[in-house]
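So this one's two forms of a single chain, laid out as structure tokens and tagged structure 1 and structure 2.
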Structure 1
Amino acid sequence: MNVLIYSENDGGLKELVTAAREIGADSISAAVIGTKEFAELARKFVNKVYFADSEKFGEFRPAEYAEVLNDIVKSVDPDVLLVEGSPKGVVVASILAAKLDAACVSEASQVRMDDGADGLIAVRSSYGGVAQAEIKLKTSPSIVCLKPGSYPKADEAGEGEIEEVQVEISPSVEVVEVRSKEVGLRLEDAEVVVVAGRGVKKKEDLSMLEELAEVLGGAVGVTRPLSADLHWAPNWVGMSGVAVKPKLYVGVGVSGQIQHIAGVRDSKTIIAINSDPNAPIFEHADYGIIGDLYAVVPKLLEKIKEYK
């Protein structure tokens, strides 16, 4: 079985390699639309890298990226295309799926071959996280966008060759201005994740949790209401957001609804800080602190700094 993978970063690439190996790929190729440096890294994990220099695009162009991927798909003729389910990955995958008339599943947390290897099954949560849907994809290629953090990162194996793909673009849109934004540690790569919930009253109070994450060497995430409703952060942690599996998860003012827990339950150690002793998060926590986060977090910070 021929598997092609596409991710924009090394963490995502390594996770897709693990998924491809687990479904029994005979050959794994990577499509890299990025830097030569990234292509050099990717070759250490796959049989072959198809490299398109992203400099030639100037900036991210979904339709043109999909066009390049389409050319790579024609060369590789993969049975399966695994894409990192990042916001950019999902856009490119969906345009490509429409071009190829291929089956495409987004937000998958797992892929496996159906018994008898006559089809690929993608698993994703359904009905608000209370059920799991198993979707069989019957086209070749089948396209699956795997949620970041769904698989462990693969180890290096081999030195694949790099083939440079020619990029000819006649832009369909003109980009007038691009404003870059600071991107810190990816939540799915962080060994410590501190998550703020609605118990945090003001956006400015997130700085207290950022300080906690910093002293613990981790990153801060938020629950869905803080992102989708209050727009305090671009993405959220949980079933419909980013799935995390850190060594340590600290939920601060997070109630622990099933949709959130579904994306954090594989964390090694879960600590919950909540003023309500009946908050559902305590059922999933290894350690619970019942109290007002505005009293608990500063005390914790003080103790950690003392200890350090």
Structure 2
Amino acid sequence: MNVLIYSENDGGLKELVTAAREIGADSISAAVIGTKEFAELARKFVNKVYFADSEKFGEFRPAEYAEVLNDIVKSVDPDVLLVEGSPKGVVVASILAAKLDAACVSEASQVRMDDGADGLIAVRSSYGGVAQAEIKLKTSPSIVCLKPGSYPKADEAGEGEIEEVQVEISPSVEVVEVRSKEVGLRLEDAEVVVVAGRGVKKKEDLSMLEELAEVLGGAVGVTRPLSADLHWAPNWVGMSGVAVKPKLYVGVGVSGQIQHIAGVRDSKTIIAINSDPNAPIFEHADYGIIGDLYAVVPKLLEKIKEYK
């Protein structure tokens, strides 16, 4: 089986390599639309890198990136294309799928070969995260966008070849203005993740959790209601959101519904802070603190700072 992977960053690339290996890829290639440094890193994990220098394309434009990938797909002729399910990756994959008339599944958390070995199965959440759907893809290539954090990062496997791809692109849009956005530590890359649940009363109170995450060297996330309903953050932690596998997970005011637990259960250590002793999260926690988060978190901060 010939698998082509595409990611914008090294963490995503390593996860896609793991996924490709698990479905039994005979050959793994990587499409790199980026820097030569990224291509050099990618070659340590795959058999071959198809490199297109992103400086030649200017600012990110999905249609142009999809055109580059289209040319690479024609050259590689992969059975499967695995794409990191980032916002940029998903939009590029969808445009490419239309060009190739290929099946495409987004927000997948797992991919595997069908038992009959005649198709690929992608697993993704359904019905708002209360169920999982298994989708069989029958086209070649089949395109699957895997949610960041779904797979562990792969180890290096050698020194693959780099082939530079020359593609002439006519810009389809004019970029009028570009505004940079401050990007902190990604939740899926953080070794410590502090998550706010519905027990947090106001958006302003997230600053208390941000301070806790800062002293622990981690990142702050929220549950689905705080993101989808209250719009406190663009993404949420859980089965239908961002899956995390940190060394330490701290759930603050998180009840622990099954959809959320499914996205954090691979955490090495789970700490729960909740005033309800019957909260489901305590069934999954390694350590539980029953109490008012507005009293517990400041005290926890005080003790951590004293220790440090």
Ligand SMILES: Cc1cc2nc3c(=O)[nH]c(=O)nc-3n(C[C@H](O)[C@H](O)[C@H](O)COP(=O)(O)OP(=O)(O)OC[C@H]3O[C@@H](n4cnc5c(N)ncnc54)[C@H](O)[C@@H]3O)c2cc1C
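The shown structure was predicted, so the numbers you read here are calculated from the model rather than taken from an experiment. Note that the rigid core is defined as the largest set of C-alphas that superpose within 1.5 Å between two forms. Residue indices: 1-based, along structure 1.
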Assignment: the form predicted in complex with the named molecule: 1
Rigid core fit then S27 CA moved by 2 Å or more between structures 1 and 2: no
V193: Cα shift of 2 Å or greater between structures 1 and 2 (core-aligned): no
Core-aligned CA displacement of S54 at least 2 Å between structures 1 and 2: no
Shift in Å of the E283 Cα between structures 1 and 2 [rigid core superposition]: 3.9
Inter-form CA displacement between structures 1 and 2 at D229 - rigid core frame, Å: 4.9
